[in-house]
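In structure tokens, the next block holds one chain alone, the form predicted alone.
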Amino acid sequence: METGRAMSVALALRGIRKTFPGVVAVDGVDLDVRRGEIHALVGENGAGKSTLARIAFGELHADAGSVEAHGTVGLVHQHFELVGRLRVWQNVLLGREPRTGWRIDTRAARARVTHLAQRNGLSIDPDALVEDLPVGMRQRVELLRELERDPAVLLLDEPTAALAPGEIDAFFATIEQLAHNGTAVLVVTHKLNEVMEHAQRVTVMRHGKIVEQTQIARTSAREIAQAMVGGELPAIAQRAATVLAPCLSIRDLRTAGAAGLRGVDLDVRRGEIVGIAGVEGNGQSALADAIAGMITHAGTVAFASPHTTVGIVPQDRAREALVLGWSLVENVAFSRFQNARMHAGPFVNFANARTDAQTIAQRFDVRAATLDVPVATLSGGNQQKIVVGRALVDHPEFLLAYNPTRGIDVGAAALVQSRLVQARNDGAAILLISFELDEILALADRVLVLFNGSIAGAFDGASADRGELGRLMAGGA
């Protein structure tokens, strides 16, 4: 039987260094993860956290240093590594399917995935096509795929970014049980409340280096945040605004499907942020898609003018917002062809696109070696800042922001939220769909609760009661 502190180490990283063209992503990092602990790895976007996790998993090779793992290592990616055209059970068991002779036993496979999901509090339809699932459900598939392999070391890269509050509690109950049974867990996250509640140790990275490592019991969320950003957090702009006439009016909006809408009425006025609160799967995606004109619907979705300018932050940056192989400049031009600045006769005006890309990089602190590197080489948080910056760079009259701070660090989230408030103060009408109730309460002038495709309640943002919102989100009358 193993004894002693040294024997408790399940994953040891020593002197890890990794560079990409023009960027030192990880610079001489030493890190241990011990059996039976939840160890949080935090830092700003681009600090090197995800790169370090991918090196520990073996997906990337370090330029220098060593990795020693005692047992199987599993990694749940921030950007999903799933086969969209396969079903849930096929993704979870890919290469490990139960067989009867040479044939896959599909009944046993479905039962195995269903049992695994129920045991871990992550219920899901095993026969659903992954490409049809919303972001939160695809996150569950990623989690289940790694849990099925029963790893000795589990690396989690932003694992709760797309989960609802109740799902997060169930998820961490599973993770804590795994740790109790001896699994070493490393969680890459930006959610400091989760760090303080569930981790035993925390390591803070900044600019590729470790700047702090301590026991959770000896620190605070504020101290961790200050270590992440190297000082005080950016202040969110004040919530003063002048509310004007409606910019978007929706009446009796109905869409097909189990997660469709059932007669939704709402207005979004110039100079206000309307927050949509709710557990994922209650019609949020249908609402966003109907406003964007991506699905057929009954009822009306009407802007104040056919010439109303619209900005959109989609819910899934990798699938709906970015071409990962393109540069920052090319992605800034992408989807903005209605803007005359993007035209040079029949061609794209890349000079103006470069100017706008530089503006976005400066206003949103996008960490990239140059404007010409593929956005796939950037951290998920920096990718998200590009998406939000592009949606705001043309000063749209209406902005649809779907989980705008998903996967970005606490400092970057404060910056993005401040930019949203500034846009509202400049007269923009903003519809904010977010699964982060704290974000809704911090930003929204009015809060609407969406449950089972209908508006279950409406509240003034300044006086909304968290308990009442939570009750309606869970289906309370």
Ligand SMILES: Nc1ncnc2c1ncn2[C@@H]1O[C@H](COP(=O)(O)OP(=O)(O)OP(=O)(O)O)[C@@H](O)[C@H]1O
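As the structure is a prediction and not an experimental result, all values here were calculated from the model. We number the residues from 1 along the sequence you see.
A second form of this protein, the form predicted together with the named molecule, is not displayed here; the remarks below concern that form.
- Among residues of the shown chain, Gly381 is one whose heavy atoms approach the named molecule to within 4.5 Å in the model of the complex.
- Remark: Leu13 does not count among the residues lining the named molecule in the model of the complex, judged by a heavy atom distance of 4.5 Å or less.
- Proximity of Thr377 to the named molecule in the model of the complex: non-hydrogen atoms within 4.5 Å are present.
- Put simply, His190 is close to the named molecule in the model of the complex: some heavy atom of it is within 4.5 Å.
- Only one segment in the set 419-427, 445-453, 62-70, 45-53 has any non-hydrogen atom within 4.5 angstroms of the named molecule in the model of the complex, and it is 45-53.
- Listed residues Asp356, Glu330, Glu158, Glu272 were compared with the named molecule in the model of the complex; Glu158 is the one with a heavy atom within 4.5 Å.
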